[in-house]
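Here we start with a single chain on its own, the form predicted alone, put down as structure tokens.
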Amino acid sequence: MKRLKANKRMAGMIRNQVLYTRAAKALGRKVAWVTSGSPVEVLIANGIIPFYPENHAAVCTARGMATDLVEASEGMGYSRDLCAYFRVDLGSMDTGRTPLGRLVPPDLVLSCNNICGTVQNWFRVTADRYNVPHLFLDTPFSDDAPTETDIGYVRDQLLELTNQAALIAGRSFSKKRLLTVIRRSMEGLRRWDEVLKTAKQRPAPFTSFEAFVQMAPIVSMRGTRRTNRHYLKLLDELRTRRAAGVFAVDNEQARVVWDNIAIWPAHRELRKLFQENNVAMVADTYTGAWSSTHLEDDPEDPIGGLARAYTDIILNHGMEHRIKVISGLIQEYGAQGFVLHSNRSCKRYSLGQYLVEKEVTRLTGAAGIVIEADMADPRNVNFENLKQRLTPFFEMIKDSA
């Protein structure tokens, strides 16, 4: 399949995000480094420009810089068993090497543990390095849906966090500004959800390989007009492609669902392997996390809507919830199989996958496979081993299609 025009536009958006942080500094505005699961709306509403180290680490890995950067962080005494995104970013901070040019140091950092516990320590290290405030949002882990007590606990923290962000930015809190940003986020989430759901079509014009790339704006530019324009144009492009008979996988013969983060060191090779075997990866648990986030348009209590949305994240729930999500995706997208990426860098995401595999197969009848790799550290990715594991699996699910 020819590259999406949206890829070139999005690459420019990522470069521009760095330029925005530089412009903000020049204009005396604040820049925050944030985790992907943080309530960025409260920062944007206060005129603070966000930058996402996790997204930066993925870009570094895709550009072939990860090995040198993780080795630099390990040379500082950090274990190889730690998150590769953390090690890539720390190595970049230490060496100054980045594919995005000069990065602007943060005026504050914001982290939230709804995706993992590593980010709390990662951003504490960052805050100490730059001697800036570290704002932290604690979201209680729950087996399934969060309770009202959980929501109230997070809401109280968000109120304090919002006031602190306004104080750092030199502004007073405005409910009207926050609602405006929340509504932009809601629009972006809806459009992203529409993009992902184009993969329901047979053959699929769009797969998770494209989604892993195209998710960057909804993760790192959520709540902005440019993100919403980007996804509107992407939807138009996908509709045009489908009308012209251009699909993500030629002669699509089977469909699978993916669990966990992309394997960036082998992303292109895996995409080609799926295409050569006529298998479409039509949905995944990672990119869908940003489409299912349910921000609430509540003029009276916008903070409460944020509290509910950022507490109810797939990684903030137990295995039973994961089993429900994967089973639901298999049924919704008509998949014959599912692939569980046992990600060395992300223990929380990979916990219990053999149990998940067994239960999802029992519930749906779809075949599953667990593959071992890493989202960013090339030293922990062996493409030939992945190919040897996946090729017979593909043949099996094609026979059952």
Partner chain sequence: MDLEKLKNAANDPIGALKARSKESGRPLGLAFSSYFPLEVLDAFDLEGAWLPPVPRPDYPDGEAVLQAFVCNCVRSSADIILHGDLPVGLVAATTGCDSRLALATVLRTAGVGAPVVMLRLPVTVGNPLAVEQGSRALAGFCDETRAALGRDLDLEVLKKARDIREKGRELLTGLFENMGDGGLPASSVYTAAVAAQVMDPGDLIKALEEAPRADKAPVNGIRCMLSGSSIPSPRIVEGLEAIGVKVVADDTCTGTRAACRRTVKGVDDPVRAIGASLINRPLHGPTMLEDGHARIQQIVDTAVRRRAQAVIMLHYKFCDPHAFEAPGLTEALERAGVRSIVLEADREPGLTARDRTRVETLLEAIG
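Predicted model, so just to flag it, every value in this text is computed and none were measured. Positions refer to the first chain, counted from 1.
The form predicted together with its partner chain is left out here; the points below concern that form.
Contact with its partner chain in the model of the complex holds for none of F173, T180 and R225, as no heavy atom of theirs lies within 4.5 Å. Put simply, of T98, Q253, Q275, Q157 only one has a heavy atom within 4.5 Å of its partner chain in the model of the complex, and it is Q157. Proximity to its partner chain in the model of the complex, defined as a heavy atom within 4.5 Å, singles out one entry of N343, S36, T61, Q336, which is N343.
Residues with any non-hydrogen atom within 4.5 angstroms of its partner chain in the model of the complex fall in just one of 98 to 106, 302 to 310, 142 to 150, 190 to 198: 142 to 150. G352 belongs to the set of residues with a heavy atom inside 4.5 Å of its partner chain in the model of the complex.
The closest non-hydrogen atom of N121 lies within 4.5 Å of its partner chain in the model of the complex. The closest non-hydrogen atom of H134 lies within 4.5 Å of its partner chain in the model of the complex. Proximity of T285 to its partner chain in the model of the complex falls outside the 4.5 Å heavy atom cutoff.
Taking its partner chain as it sits in the model of the complex, the stretch 316 to 331 comes within 4.5 angstroms of it through a non-hydrogen atom at G318, M319, E320, I323.
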